[in-house]
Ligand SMILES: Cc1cc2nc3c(=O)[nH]c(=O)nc-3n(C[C@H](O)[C@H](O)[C@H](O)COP(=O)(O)OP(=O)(O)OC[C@H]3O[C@@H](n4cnc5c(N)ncnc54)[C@H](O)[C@@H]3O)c2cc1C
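Here we start with a single chain on its own, the form predicted alone, put down as structure tokens.
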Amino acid sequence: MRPFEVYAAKDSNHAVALLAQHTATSKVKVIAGGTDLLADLKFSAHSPDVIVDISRVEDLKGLKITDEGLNIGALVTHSQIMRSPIIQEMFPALVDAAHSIGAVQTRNLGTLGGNLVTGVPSMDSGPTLIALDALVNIIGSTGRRQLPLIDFFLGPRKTVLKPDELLAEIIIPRQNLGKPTHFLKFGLRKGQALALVNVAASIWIDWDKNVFVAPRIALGAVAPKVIRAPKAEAYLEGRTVTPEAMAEAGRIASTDARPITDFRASAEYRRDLVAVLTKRALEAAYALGQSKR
């Protein structure tokens, strides 16, 4: 590990100023919980010249309902998500996703923003948020911009963030507050496992007609980034809710996936997992919707 300089940001504006000051001449990394970066620092190829510490930036730690929806600061930890009464009530799928991330020590330190910025295709936080049409607010030296979370990812460990930008906030739109959603993950062991496949599904139901409305299916670990399953969503839209429809949506979702074969699983096995997990996620989201009627 090479030596580097560390600057502690006082607030988000100060953090952006530090990034703008140093990115022109130095290789800069941002640290929050550090659960990913500290592992990377063991390898010289990832060694930065400057680290900007944002772990004490209070204005990135909010979690509240606003006119926009549910606003989650980038520095909210996975443990805070699990303990939040708002999230427990409205989005138990987010609690399940947070619980599947690492060990308790990782969840206590690791942040939602850090998990997203790392950009790993098998991330556990991404699918549920994408299934809820989440937005992200990004701040930088030229101002603030907002975009859908699904457009935030470019590929493995690549995002749209510019060198002088920070992910500031994740927003679940107001129209999706309380939307029945379910998250499932399949790994090679029960705890602290990378996902072979993870799936999140969210649905509204027109109870008068008993049909799917605004179905969303998000898939992780089966493409270079977390993706939606657009053909499966289109199949479900306006269709009568039946077990057969959910099973068919799972099959279609497996064709939306673009998995690879590696030492952990074959592409064919991952497609089978997508079909099964999508069906189960839809069933669980429907059951949740029934319980909230």
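The shown structure was predicted, so the numbers you read here are calculated from the model rather than taken from an experiment. Residue numbers here begin at 1 and follow the sequence given.
Absent from the display: the form predicted in complex with the named molecule. The rest refers to it.
Engineer: Only one of 142-150, 88-96, 122-130, 209-217 has heavy atoms within 4.5 Å of the named molecule in the predicted complex; I'd like to know which.
Structural biologist: Contact criterion met by 122-130 only.
Engineer: Tell me whether P173, E233 and R270, taken together, all sit within 4.5 Å of the named molecule in the predicted complex, counting heavy atoms only.
Structural biologist: No: no residue has a heavy atom within 4.5 Å of the partner.
Engineer: Can you pick the one in L177, L194, I205, V160 that has a heavy atom within 4.5 Å of the named molecule in the predicted complex?
Structural biologist: It is L194 that has a heavy atom within 4.5 Å of the partner.
Engineer: Which of I252, I227, V57, A32 has a heavy atom within 4.5 Å of the named molecule in the predicted complex?
Structural biologist: When the named molecule is considered in the predicted complex, the option within 4.5 Å is A32.
Engineer: Please tell me whether any heavy atom belonging to G187 falls inside 4.5 Å of a heavy atom of the named molecule, as the geometry stands in the predicted complex.
Structural biologist: Contact check for G187: no, nothing within 4.5 Å of the named molecule in the predicted complex.
Engineer: Do D36 and the named molecule come within 4.5 Å of each other in the predicted complex, heavy atoms counted?
Structural biologist: Result yes; D36 sits at the interface with the named molecule in the predicted complex.
Engineer: In the predicted complex, does I72 have a heavy atom within 4.5 Å of the named molecule?
Structural biologist: So I72 does not count as contacting the named molecule.
Engineer: At 4.5 Å between heavy atoms, is S84 in contact with the named molecule in the predicted complex?
Structural biologist: Because no heavy atom of S84 falls inside 4.5 Å of the named molecule in the predicted complex, the answer is no.
Engineer: Mind listing which residues of 95-117 have a heavy atom within 4.5 Å of the named molecule in the predicted complex?
Structural biologist: Contacting residues: S100, I101, G102, T106, L109, G110, T111, G113, G114, N115, V117.
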